[in-house]
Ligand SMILES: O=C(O)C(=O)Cc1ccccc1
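Let's start with one chain on its own, the form predicted on its own, as structure tokens.
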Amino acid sequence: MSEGLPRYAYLGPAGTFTEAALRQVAAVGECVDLPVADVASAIDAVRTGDADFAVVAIESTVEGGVTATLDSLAAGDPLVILREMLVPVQFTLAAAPGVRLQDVRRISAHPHAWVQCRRWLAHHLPSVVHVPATSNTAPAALIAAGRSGTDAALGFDAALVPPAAVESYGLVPLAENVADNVSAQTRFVVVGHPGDVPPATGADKTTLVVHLPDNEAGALLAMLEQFAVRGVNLSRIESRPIGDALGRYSFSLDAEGHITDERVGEAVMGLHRRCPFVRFLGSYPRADAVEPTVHVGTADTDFVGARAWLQQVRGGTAT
């Protein structure tokens, strides 16, 4: 019975790293899986009501921010990040039975997978051609569908897939552990509709999108100072084109801390005063549970005490 279960849209088909991230949130049978063809479709499914939540990649240790996710969250009806998950990323070069490594001329792979394996490919298969795939398991599914595995039928000879997909789709491994970075990880997030902000855990992130004032010298510095003077560290900051004119950029950033932390709240208020557009994309627990460093003068008690002192000054009772 799926009635009443939460519906999760994710980049499919089954076996992707995104599904592995979803399984950290809900096991098989605890939710309705809604595999889609791309990140934007997963996020749009939440906006249209076809899904309750979306699980999407937002950052990788190799490529940085996932632009499709950043851009989809920066525009359109507001959504928020509710949780993050970390998934180790490795790849296997696999094919249909009977294909040999020396026969491989064209490899199907998601663009992020291709980038993460390019040094291995350049060394072992320097003349191979990349055939882009919509996900890490899409080419595996094509092979498993019985489309023969020949170049004429599929347009590729082999595929870069997650290791778990090899057995699931009945493929044969041609080379394992082909990723260039053995410690590669991808960070995924659960996206849903705005509501009550989850309580602070002491090890949180706050994600924001900020537009800077046009043609104002030092605008970026003024934006960063809102965090620096309050002791808020930024764990990620990336610029993205707004899209309406050349030279117009927004900034997507992750701040260490929770919106209910005094230092974070004060920084966000400072952004609201100075910047023409600030979108709050959620405060949520860090997957690694690392607590931020709270510098002298930036703890909640410091802000509360300073406000109380100011009230005394204004009331003429300060000593």
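These numbers were taken from a predicted model, which means no experiment stands behind them. The first residue of the shown sequence is 1; numbering continues from there.
Absent from the display: the form predicted in complex with the named molecule. The rest refers to it.
Tell me, out of Leu125, Val89, Ala175, Met223, which residue has a non-hydrogen atom within 4.5 angstroms of the named molecule in the predicted complex.
Here the answer is residue option Val89.
Listed residue that, although the named molecule is not shown, lies within 4.5 Å of it in the predicted complex (heavy atoms), from His211, Arg230, His112, Arg83
Here the answer is residue option His112.
Closest heavy atom of Leu11 to the named molecule in the predicted complex, within 4.5 Å or not?
Yes - in the predicted complex, heavy atoms of Leu11 and the named molecule come within 4.5 Å of each other.
Please check if Ser72 has a heavy atom lying within 4.5 Å of any heavy atom of the named molecule in the predicted complex.
Outside the cut-off, so no.
Since only the chain is shown here, I'm wondering whether Gln116 would be in contact with the named molecule in the predicted complex (any heavy atom pair within 4.5 Å).
Within the cut-off, so yes.
When the contact criterion is heavy atoms within 4.5 Å, does Phe156 count as touching the named molecule in the predicted complex?
Judged by the heavy-atom cut-off of 4.5 Å, Phe156 is well away from the named molecule in the predicted complex.
Look at the stretches 232 to 240, 99 to 107, 197 to 205, 131 to 139 and give the one with heavy atoms within 4.5 Å of the named molecule in the predicted complex.
In the other structure, the partner sits against 131 to 139.
Who in 10 to 43 is close to the named molecule in the predicted complex, meaning a heavy atom within 4.5 Å?
In sequence order, Leu11, Thr16, Phe17, Thr18 come within 4.5 Å of the partner.
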